[in-house]
Every structure is written in C-alpha cells, then in structure tokens.
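Presented as structure tokens, the chain that follows is alone, the form predicted alone.
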Amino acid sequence: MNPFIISCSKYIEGAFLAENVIIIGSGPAGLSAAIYTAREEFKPLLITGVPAGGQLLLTTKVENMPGFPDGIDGFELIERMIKQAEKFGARLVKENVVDIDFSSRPYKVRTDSQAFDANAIIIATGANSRMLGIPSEMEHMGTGVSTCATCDGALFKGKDVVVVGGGDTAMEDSLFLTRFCPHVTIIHRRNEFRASKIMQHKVLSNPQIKVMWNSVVEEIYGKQGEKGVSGVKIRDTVTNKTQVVVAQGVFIAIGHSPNTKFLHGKLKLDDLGYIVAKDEVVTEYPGVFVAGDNQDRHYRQAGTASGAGIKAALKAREYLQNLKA
C-alpha cells in the first residue's frame, strides 16, 4: 500500500484529478493567494506549515497594515485571513511540505504524511529571522523584543533601544529608530561592521547612536508577559566583563533564513537560499510561482508579502485558464 495518504482529491471516471492549485505557507503571502484563488473558485489547497501563520505570530500588534488604524494583533490578523480564505472555499492541511517533484506534470507535493498532485503551485514559505539563541529573547518577543524595526519602531517612541547586529540591516534599523528613540545602542560582536561603508558612516556620525564593539547580549531583562523590557546584560568578548545597558526595547538584526531547504536542488536559489524569480513571482517551471519573504531579500513586510501573494494568484489564474482553453 502506498505510504502516502491521498486526500482532498477527486476521481472522475476512474482518472485522478489533480488539485487546481496548492499553496504552501500560511503567512500574509500564502493567505492572500488563497483568498484570491478561492474567490476565482479554484478551490485551492493551502498547506499551512506547522505552526501556521508565519512571523506575524511573533508580533503582538501590527500598526502598519492598511485598514487597521488602531492596529491589530498579529495572531488575530492571521486568523481573520484564514477565515476569509475558508469562506471562499480554500481548504487547509496543517502539515509541513517535505518534498516537491517538478519532473512531470501534474507536480507532486508531499507533506509529512500525505501526497498531492497539483496543476499549479504557489510557494509562500516565508523566512525566519535569525535569533540570538538565548531563552529571554523568546520570553519577551512581541512585548519588548522585535525582529522588525520598520514594523515596530513607532511603538517605542521616546524610549531607549538596543539593536543587535553589524550588517546593513542593523545600520538601516538603527538609523530608522532614531526617528522615534532618543538613544540607540548597537551591540556588535566584532570590532568593525560588515555593513557597506556609506551605511557605516551614517551610523557612526549620528549623535543618537552609540556602538558597543566586541560585545554580545547574554540576557534580556523584563517581567515576562508585561509590555517592554528594562535592559540587557552585555558581555565584552575581549575582557569578559559584563554590564547592564538600560533599554526599553531590543531589535535583533542579525539576518534572515528563507524557508527553502526542501527546495535545494529543485528550484533556482541564490547564495543565501532565496528563490530566484522572474517578474517577481515566476519560477523556471510552468505553473509554479513564488510569493513573499522566501524571494524578497529586502522589504520583508506583511503588506508587500500580501501583495506578492496576490500577484502569484493572478499569475496562477492566467496559467490555469490557459490549461483549460
């Protein structure tokens, strides 16, 4: 017996009928694609990943999503999008995709326990922020610790914050935060930045920004469950001495990892593992599209991911309509 359980499928006169479109990922990109393809009555199958929802689940309040002037909890936003997709006919499978076979059509998508055939696929698996690896960062994630200055910077208006990192993202985040925060302290584990020279100059010449070289964060202080943090414990990697830096916010800016490991050797990926696409959402395989942070190395916003999901859905619609023609 085949070890893979075939579900959410139909048979017509004994012939296997593939899914119209399978969407992989349930962040803003995947859910937007699901809403659009469902409204077109393609009955998309959405394989959510575990847990479902993407990085918005780490955000307590989203204030820059259009249509929510008072902000919205990240979890609630995802729940609303799921409800909207299901209302129009999207079906959810709460598993992880482990493999895709692009060698023949329909394409085969395999999860932890099932296998599906698909005429079109939208890959919206997103990316994960690299973390420090200390327990206290997750204890305060969304209540004082953030991985997105553009998303959360305005929430820290008038407060002192810490930025961890030394690349262009850390530089950009630090400069952006000076719009709201009187003092920004950059914690960097080396004695020089990896960022571009022009970004370094902007940061080092800004009187609101202080740099602590050869330093790592060992602990983030604050009352668990309460909004805001009170400070961070810093260790000097040269002298091994520690000190506490008073801060009400911590922004981690040490890079991102696209969720594309299962695609290595399957699709074209760049040197960092991001999917290489044409026209933003088109891959080298007919009917296979990409959307969101697994392709976007720059913006990484819920709104831009949602827009990419919509573009991928419209491309999928065009492709499926041509198949039927």
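From a predicted model like this one, the values you see are computed outputs, not experimental measurements. Numbering starts at 1 and runs along the sequence shown.
Same protein, other form: the form predicted together with a small molecule, not shown, and the subject of what follows.
- Of the heavy atoms in residue 245, none are within 4.5 Å of the small molecule in the predicted bound form.
- Although the partner is absent here, residue 93 is not a contact residue: none of its heavy atoms lies within 4.5 angstroms of the small molecule in the predicted bound form.
- By the criterion of a heavy atom within 4.5 Å, residue 165 is counted among the residues contacting the small molecule in the predicted bound form.
- Of the heavy atoms in residue 268, none are within 4.5 Å of the small molecule in the predicted bound form.
- With the small molecule omitted here, the record of contacts in the predicted bound form names 247-255 of 232-240, 104-112, 247-255, 80-88, defined by a heavy atom within 4.5 Å.
- This chain lacks the partner; the member of 219, 117, 76, 172 within 4.5 angstroms of the small molecule in the predicted bound form by a non-hydrogen atom is 172.
- With respect to the small molecule in the predicted bound form, the three residues 62, 159 and 223 uniformly fall beyond 4.5 angstroms at the level of their nearest heavy atom.
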